[in-house]
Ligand code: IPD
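One chain comes next, on its own, written out as structure tokens in the form predicted on its own.
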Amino acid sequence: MEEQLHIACTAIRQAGQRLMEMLGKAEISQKGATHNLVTQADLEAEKIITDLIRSEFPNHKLLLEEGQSTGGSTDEHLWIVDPLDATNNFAHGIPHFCVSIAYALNGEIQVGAVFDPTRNELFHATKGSGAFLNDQPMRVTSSTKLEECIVGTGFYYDRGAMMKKTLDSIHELFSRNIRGIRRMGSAAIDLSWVACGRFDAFFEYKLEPWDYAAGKLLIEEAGGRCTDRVGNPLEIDSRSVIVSNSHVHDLIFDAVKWSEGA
């Protein structure tokens, strides 16, 4: 997977550089709701990534957030691309956003990379070879109690039952005396931060594969555990995420699990 990792890291850095060039300058539009945005930067970053992947792997399929996807989870060779995770942050000038790329072989994620251009932090992993932050090995935390845990979360665009359940779960976690909750606005960075030990856990009830595909591999290669909101192993088609350092996974899961509508 060395070639795929090289292309992922090259593409992700080029896209991240373009995002930084466009920060505060990109045209913004809505995708059906005032809180669901897309910018010209999303589109330009995605083109940088897809052009490079297509030039190197013309027969591979693409699963894209913004553009026209050409493949799905069952394809032999699939690239899963989020050119700008946390578009709302980017659009408001908040320096917390990233680019995320994953490569899957027959439905199994083999390569994952997340680049935070505001901090110049590149997280990457290859299946079976560990996880790295700026080429230094990274590991999840060793916390074993909820009282020791910082937990990240996120809100999907739905502002009905799913939002209420998220708020209820935050209340439940606080009732179990966790150390703190963080809502940063970028699921891909949140997952990367679980992998490198900044967060102990993260949950969100509705995500797309481009949000979590790379982060899933980062966490697993860093020693963590990933499931969906009903406890099944996290897959490309899962659409919900509960991840942790593995030591506290059962405790976190018990507090935030949700089977309604699953």
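All residue numbers are counted from 1 along the displayed sequence. Since we're looking at a predicted model, the values are computed, not measured.
The protein also exists as the form predicted in complex with D-MYO-inositol-1-phosphate; that form is not presented, and the subsequent description refers to it.
**Student:** In the predicted bound form, which of the listed residues (His171, Lys145, Arg179, Arg183) lies with a heavy atom within 4.5 Å of D-MYO-inositol-1-phosphate?
**Tutor:** Here the answer is residue option Arg183.
**Student:** Do Asp211 and D-MYO-inositol-1-phosphate come within 4.5 Å of each other in the predicted bound form, heavy atoms counted?
**Tutor:** Yes.
**Student:** Does the 4.5 Å heavy atom contact test between Lys206 and D-MYO-inositol-1-phosphate in the predicted bound form come out positive?
**Tutor:** So Lys206 counts as contacting D-MYO-inositol-1-phosphate.
**Student:** I'd like to know whether Ala86 contacts D-MYO-inositol-1-phosphate in the predicted bound form, with contact meaning heavy atoms within 4.5 angstroms.
**Tutor:** Close contact exists here: in the predicted bound form, Ala86 approaches D-MYO-inositol-1-phosphate to within 4.5 Å, heavy atoms only.
**Student:** Using the partner position in the predicted bound form, report whether Gly154 sits within 4.5 Å of D-MYO-inositol-1-phosphate, counting heavy atoms only.
**Tutor:** Heavy-atom contact with D-MYO-inositol-1-phosphate at 4.5 Å: present for Gly154.
**Student:** Where, among 131 to 139, 163 to 171, 77 to 85, 108 to 116, do residues come within 4.5 Å of D-MYO-inositol-1-phosphate in the predicted bound form by heavy atom distance?
**Tutor:** Looking at the other structure, the answer is 77 to 85.
**Student:** Of 52 to 68, which residues get within 4.5 Å of D-MYO-inositol-1-phosphate in the predicted bound form if you count heavy atoms?
**Tutor:** Just Glu65.
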